[in-house]
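Here we start with a single chain on its own, the form predicted alone, put down as structure tokens.
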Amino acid sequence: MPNLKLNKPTESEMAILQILWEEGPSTVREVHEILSGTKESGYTTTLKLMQIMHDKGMLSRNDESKTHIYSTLIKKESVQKQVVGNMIKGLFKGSSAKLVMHALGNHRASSEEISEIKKYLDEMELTEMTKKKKNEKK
């Protein structure tokens, strides 16, 4: 797996990664058609960007047939973790609570999302309590 610290995706690279994460292995034309629905850019720009991403180690390329098929080499969760970590350090002075409060203040969470958040917090609290009890026994 490539070193994400060296290969931090740009905004345009993130758009391509999102498509490949959702659609799976795809040709440049397939990626370009999806991209052109939200962003104006030429086919050759998409091609060049995907070639650069391949050179950076973000994408693999199967060139056994005439049309090359590209796949991601970077896991979505790894990129999310890196981006959020950088946001917490840079914008929120290391406070994940401030990030969450800001996100929830600017984006209306659905009932399902709020339930997921509560469940996650309960699990985190349980994990912390378990760790604390283990340390007390030592």
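Note that residue numbering follows the sequence shown and begins at 1. Keep in mind the model is a prediction, meaning the values are calculated, not measured.
Note that the form predicted together with a further copy of the same chain isn't included here; everything after this is about it.
Residue 77 is the only one of 64, 40, 77, 55 with a heavy atom lying within 4.5 Å of a further copy of the same chain in the predicted complex. A heavy atom within 4.5 Å of a further copy of the same chain in the predicted complex is found for exactly one of 45, 95, 27, 51: 95. a further copy of the same chain is not drawn, but in the predicted complex it has no heavy atom within 4.5 Å of residue 33. In the predicted complex, none of the heavy atoms of residue 69 sits within 4.5 Å of a heavy atom of a further copy of the same chain. The closest non-hydrogen atom of residue 88 lies within 4.5 Å of a further copy of the same chain in the predicted complex. In the predicted complex, at least one heavy atom of residue 18 sits within 4.5 Å of a further copy of the same chain.
Residues of 9 to 48 that come within 4.5 Å of a further copy of the same chain in the predicted complex, judged by any heavy atom, are 11, 14, 18, 21, 22 in sequence order.
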